[in-house]
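The data below hold one chain only, encoded as structure tokens and taken in the form predicted on its own.
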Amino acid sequence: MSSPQATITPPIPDHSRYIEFAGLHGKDVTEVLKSLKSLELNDQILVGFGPGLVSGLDKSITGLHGFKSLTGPGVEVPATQGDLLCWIRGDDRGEIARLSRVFIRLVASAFRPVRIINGFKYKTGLDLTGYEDGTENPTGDAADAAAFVSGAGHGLDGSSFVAVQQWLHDMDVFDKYSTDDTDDMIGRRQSDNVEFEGSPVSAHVKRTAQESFTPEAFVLRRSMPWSNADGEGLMFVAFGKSFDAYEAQMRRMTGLEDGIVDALFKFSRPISGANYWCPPVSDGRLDLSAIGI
């Protein structure tokens, strides 16, 4: 019986690395996928497949499609769709680097890395702004119901769809606001993480309140801060039983639902966006029967 990849359910680790790959033109990916299928997975490595990779095999996964770029009032959400995702997580940055090399070599005959971002846990799980990320994440059975496919049959049950975005914060802009102003932007007090009455309609928690959508739009977030020579921000990672909940939230955030843009865009913007299907595992290895491998 297949089950979800073990990296998804645990809370965020101390460190991680996100590697997105593009397929090499004209290369046969079959042998690489067979190698991935034989890879013994644990709770450190997650593997996801983009829609182009799946369609290139003349297969389809119901619900898998490319990331949808959006343009709202004064804001843009770009699509930078990749073919293969590897998320490596753990407590030791050296071990993450080693596993990255192993994975990159494993797929090198058919894929090249196009984006490598190192994530880290900030204090108790805060965004670099000092506000807690993922406060309303579902837990237990509710998390499983939100994040994993069920009732779709062998090879699909236990799989998950994940949206991955790199958000770039302008911390110089953010730091110019008072704490009262930033509390209004987020809709929670930074001091105690409590949602408060009277925040503006553009507050992030109001834009993304999962229970306020029809149907409800619950996702399981596993986002982590990043920082390098190019800037700093948040790697937004949302797992779901489909992309529907994430896309509903993104449309509202960009003002396409009612013309009100999420206040996050005052100091942050996404610079990448990609969708992936994360196959289930069977006996600790990827179950790729849904794509004929």
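Predicted model only: the values in this text are computed from it and were never measured. Note that residue numbering begins at 1 and tracks the sequence as displayed.
Missing here is the form predicted together with a small molecule; even so, the following discussion is about that form.
The single contact residue among 114, 106, 143, 209, judged by any heavy atom lying within 4.5 Å of the small molecule in the predicted complex, is 209.
Just one of 160, 202, 182, 165 comes within 4.5 Å of the small molecule in the predicted complex, counting any heavy atom, and that one is 165.
Contact between residue 92 and the small molecule in the predicted complex is not found at the 4.5 Å heavy atom cutoff. In the predicted complex, no heavy atom of residue 100 sits within 4.5 Å of the small molecule. Interface residue remark: residue 186 is counted as part of the site for the small molecule in the predicted complex, having a heavy atom within 4.5 Å.
Residue contact with the small molecule in the predicted complex: residue 236 places a heavy atom within 4.5 Å of it. Picking from 38-46, 24-32, 262-270, 57-65 the stretch near the small molecule in the predicted complex, with a 4.5 Å limit on heavy atoms, gives 262-270. If you check the small molecule in the predicted complex, you find a heavy atom from every one of 131, 135 and 246 within 4.5 Å.
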